[in-house]
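Heads up, the chain below is alone and in the form predicted on its own; it's given as structure tokens.
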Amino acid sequence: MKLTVFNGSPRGKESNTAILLEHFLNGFMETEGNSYELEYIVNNKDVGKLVEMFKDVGNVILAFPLYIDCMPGIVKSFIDNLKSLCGRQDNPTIGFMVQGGFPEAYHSRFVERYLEKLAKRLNCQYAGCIVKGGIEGIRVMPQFMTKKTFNYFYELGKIYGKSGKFDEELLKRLAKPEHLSALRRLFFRFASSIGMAHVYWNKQLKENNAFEERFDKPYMR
């Protein structure tokens, strides 16, 4: 199987999306004869080239992070430029991968519905959608915290490499929790009240020189 993968994260090669794709593709390559091409949307200003790549392959995976319950602007721009291919008979089989910082898979279900409809509008065979929350910070997590998730992505890639579809049972396991339990919600409220829940995000804000502006409201008059 020949596969083209589009990484739609604005972080490109340094993204959490790239880390998860690495494990998925390692599994995919377990099947003899499989090959793939990986394209970073953020590094490619020629959208026409991306559309041609999409048009000329048999299998596509579009992977991106959840941004405000939807997708990054670069991904939406790419999708908008696929309009000319709607209804085309030779469009590829397409699957999606959506990862986010929210621990609950529920946050990604709305964009998942959109992506399934998108596949139908493009007249693409739908391979499924991988949904995984709680990924922000995975780059700094110890191995014992990431091993299970990475193994799931590897197994998904391995099965996809043989069947061309995502395994439904693995998708369900990987997506958990769909909703936070009452105990985890209680813990999160406590962590927020003492500031513990904000440590990672405050660090990110400081590294990007945005900490002092974190309460700004630029759209309010």
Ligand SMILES: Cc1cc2nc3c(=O)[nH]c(=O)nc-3n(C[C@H](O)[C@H](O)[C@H](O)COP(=O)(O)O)c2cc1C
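Basically, rigid core = biggest C-alpha set you can superpose within 1.5 Å across the two forms. We number the residues from 1 along the sequence you see. What you see is a predicted model, and the numbers here were worked out from it, not measured in a lab.
Same protein, other form: the form predicted together with the ligand, not shown, and the subject of what follows.
- Contact check for Gly128: every heavy atom lies farther than 4.5 Å from the ligand in the model of the complex.
- In the model of the complex, at least one heavy atom of Gly100 sits within 4.5 Å of the ligand.
- Shown alone here, Phe211 lies farther than 4.5 Å from the ligand in the model of the complex, counting heavy atoms only.
- Of the heavy atoms in Glu136, some are within 4.5 Å of the ligand in the model of the complex.
- Of the residues Leu66, Ile159, Leu62, Leu174, just one reaches the ligand in the model of the complex with a heavy atom at 4.5 Å or closer; this is Leu66.
- Across the proposed site, Arg11, Asn16 and His107 without exception bring a heavy atom within 4.5 Å of the ligand in the model of the complex.
- Shown alone, this chain has one stretch from 82-90, 147-155, 112-120, 128-136 that lies within 4.5 Å of the ligand in the model of the complex by heavy atoms: 128-136.
- Residue displacement note: Ala18 has its CA displaced by under 2 Å between this form and the one not shown (rigid core superposed).
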